[in-house]
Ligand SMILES: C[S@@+](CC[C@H](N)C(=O)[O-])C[C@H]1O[C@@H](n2cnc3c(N)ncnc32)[C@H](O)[C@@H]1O
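Shown below, as structure tokens, is a lone chain in the form predicted on its own; questions about how it binds or moves come after it.
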């Protein structure tokens, strides 16, 4: 993969995966009643659309936005400054596994379209110790929605994302990792078309004259076409989890 070409394609886009402000707020509403996090980490935040909604929804919280692509973090920092919340939103250029971070650092960990980068199991195992007692995690993940997807769709995603799981498979992973599932839901098609693919297609059209990135552009258009044909058999699912009390107690028990 040509990372520089990929970053060129995604430069200036509002999102790096399907999602939407309304969808982020819907997931927030699924958190426990009265949940009032003071420390939030938005892992793999990209340009920070979800970060801004989190900061708006929890005005008493400090939000750390984590990504490894500095231009995305700069874009978010500018947005936070313009919104007058730069004092509560900080950016960190680090791996979203946050190695070396103090245990119990966060009340809420958020990850829209990013957990797959390290694998859902790896992500949940890395993030669980970072939560305080009563902490929650919310993340989106690409999954199969059909038990028998068309062969073309199956072949495409087995090449692009061979670890793609089912809705139930990810529920099982979450529970095995020490979490209770508060709720989950499928992201609507508008989060794909209006929020992600339409801006992406416009960007592709602009970059068609650029040399050296045609392969990345073709791959992106192929993904868009695949969703237009087979989007009903796969999609993103939002999972909202709470740290299992028994697991939390065990993880904090003295050795």
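What you see is a predicted model, and the numbers here were worked out from it, not measured in a lab. Numbering follows the first chain given and starts at 1.
In what follows, reference is made to the form predicted together with this ligand, a form of this protein that is not presented.
The candidate spot formed by 141, 165 and 235 is out of contact with this ligand in the predicted complex: none of the three has a heavy atom within 4.5 Å. Among residues of the shown chain, residue 68 is one whose heavy atoms approach this ligand to within 4.5 Å in the predicted complex.
Taking the partner from the other structure, this ligand in the predicted complex has a heavy atom within 4.5 Å of a heavy atom of residue 96. Of the heavy atoms in residue 11, none are within 4.5 Å of this ligand in the predicted complex. For the chain shown alone, residue 113 is a contact residue for this ligand in the predicted complex, at least one non-hydrogen atom being within 4.5 angstroms.
Residues with any non-hydrogen atom within 4.5 angstroms of this ligand in the predicted complex fall in just one of 144-152, 113-121, 79-87, 169-177: 113-121. Taking this ligand as positioned in the predicted complex, the residues of 35-54 that bring a heavy atom within 4.5 Å of it are, in sequence order, 44, 45, 46, 47.
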